[in-house]
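For reference, the chain that follows is the form predicted alone, supplied as structure tokens.
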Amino acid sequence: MNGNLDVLKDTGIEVRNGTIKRYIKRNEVIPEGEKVFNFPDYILLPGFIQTHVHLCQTLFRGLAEDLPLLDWLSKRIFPYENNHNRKSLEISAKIGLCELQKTGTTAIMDMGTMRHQEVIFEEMIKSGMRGFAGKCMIDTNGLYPSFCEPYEDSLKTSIEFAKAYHNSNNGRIKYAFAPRFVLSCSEKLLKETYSALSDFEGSLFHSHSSENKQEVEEVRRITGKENIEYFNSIGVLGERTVFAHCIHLNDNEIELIRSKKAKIAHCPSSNLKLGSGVADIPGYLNKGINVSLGADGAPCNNNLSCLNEMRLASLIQKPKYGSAAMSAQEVIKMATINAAEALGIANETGSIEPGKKADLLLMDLNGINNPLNDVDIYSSIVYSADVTNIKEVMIEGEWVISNGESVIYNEQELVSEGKEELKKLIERKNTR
């Protein structure tokens, strides 16, 4: 799949030093001594890119069921995040990264948690994952007051992390400043965080907005404005801003996002599970707004597969807009090209083209769950493929998944260690 979404049949690629050098044809003679990987029945895709995930929450999967957003945060997620230590955060990140890679994701933007953010960066580097991450910033928290820190500490520590990790691991890791959302951040924190972007070229401003009607009402009560209107009024809306969700927007907010070239990370599974609503993605795309995809966190999904997000992103719009809306090609573009553009890394990844990094996945569409022809490969991927079809995953020329199994992690050990650390975390939470 190149940048125009063309399907290049009977074609392979040559990879040198982690970069795609050129296309090669199936019958091309390869010089003796070269290492050749031959997958004649597989399809080669750019790795999926998810622009909104929470690695710190993977450990809490299944522990925050059937709750609306603000209760989900105050009764479950904030208390659990507040009780993370380095060890529990480490295993949560490892499990999340392993699952993401197994399901074909090769780049992410992660919103971290308030403490021990260095652990997230360390684990992303060890996993080989490409991505952005940042310490979660919270300096006011009426939902769960003990999960909070002084404004000065939040900003100072975030800048220190940006200095330490932005463009680390040979540029594979970048920083995304991560104020949680309006209800947990002072105006001063939001404004000064956005100002800090200028010191870190290529860094991003990553937050949540307009996810839930109750949240929108609270923001209106506190600020007198809608979410996006408030962000714009304090000067934090721009082309380096990426907002997760954006379900409940008025026409003026949509126009502000379009005119300021801000980006939207659409998380359909999370939005449905929390009962938050269905974002008007066809409308946003028709306005020229960049929309990409994210699984969000494991407790509101409950898995991290981009295939699920693509399928849902297409299907949930069809009852309103008709069966032709949100085509398979459109949602694959959201998971690859759009996402790379949203993160400012379209020169590196998002499509299979010479000069870009070899962030790739190989799928076998000959499973019992797949169509018996290859008339429309894109629809086969979006509507029928699942994790069992993903066989090989490569990031910058290095295999991270081989024959469907992680090259980096022992999954049984992760599960065993995860159960033990979750038990300890729950004990810490219950004794505070």
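Just so you know, these numbers come straight off a predicted model, no measurement behind them. Residue positions are given as counts along the sequence shown, with the first one as 1.
The next section is about a form of this same protein that is not shown, the form predicted in complex with a small molecule.
- Although the partner is absent here, residue 208 is a contact residue: one of its heavy atoms lies within 4.5 angstroms of the small molecule in the predicted bound form.
- Using a 4.5 angstroms threshold between heavy atoms, residue 389 stays clear of the small molecule in the predicted bound form.
- At the 4.5 Å threshold, heavy atoms of residue 174 stay clear of the small molecule in the predicted bound form, well away from it.
- With a 4.5 Å cutoff on heavy atoms, residue 135 does not count as touching the small molecule in the predicted bound form; it lies far away.
- Comment: 296-304 is the region of 193-201, 336-344, 225-233, 296-304 lying near the small molecule in the predicted bound form, near meaning a non-hydrogen atom within 4.5 Å.
- Checking 84, 180, 240, 266 for any heavy atom within 4.5 Å of the small molecule in the predicted bound form turns up a single hit: 180.
- Only one of 154, 101, 88, 270 lies close to the small molecule in the predicted bound form, with a heavy atom inside 4.5 Å, and it is 270.
- Across the proposed site, 357, 362 and 393 without exception lack any heavy atom within 4.5 Å of the small molecule in the predicted bound form.
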